[in-house]
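Shown here is one chain on its own, the form predicted on its own, set out as structure tokens.
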């Protein structure tokens, strides 16, 4: 099963469980049925956004500096400037 099929299957399962709860086909207490179930998608979106922000922040926090890659990139930039100067292009 590919990742897309797996994601689609899980999404359909969650959506069908939510629809059963939202339409009242499953016996739930009135407080849950009337107050919790209608706002559940909003909670899901907010929670997913918070998770993505945490994941982004953690990725930035643990990002490793690679001095060798910087030196190589600077060398390649200098080589490109020299080639462009040979061809008559002025580069700052």
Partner chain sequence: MSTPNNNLLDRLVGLSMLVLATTVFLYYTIWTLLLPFVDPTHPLQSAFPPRVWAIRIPVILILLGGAVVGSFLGMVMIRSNRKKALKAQQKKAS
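Between two forms, the rigid core is the largest collection of C-alphas that superpose within 1.5 Å. Positions refer to the first chain, counted from 1. Computed from a prediction, not measured in an experiment: that's the story for all the values here.
Missing here is the form predicted in complex with its partner chain; even so, the following discussion is about that form.
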Give a yes or no for residue 75: in the predicted bound form, does one of its heavy atoms lie within 4.5 Å of a heavy atom belonging to its partner chain? no
Counting only non-hydrogen atoms and a 4.5 angstroms cut-off, does residue 56 reach its partner chain in the predicted bound form? yes
Taking any heavy atom pair closer than or equal to 4.5 Å as contact, tell me whether residue 26 reaches its partner chain in the predicted bound form. no
Give, in sequence order, every residue of 10-42 that has a heavy atom within 4.5 Å of its partner chain in the predicted bound form, or say none if there are no such residues. 32, 33, 35, 36, 39, 40, 42
Taking the rigid core as the superposition reference, indicate whether the CA of residue 46 shifts 2 angstroms or more between the shown form and the other one. no
Using a rigid core alignment, state whether the CA of residue 32 is displaced by 2 Å or more between the shown form and the other one. yes
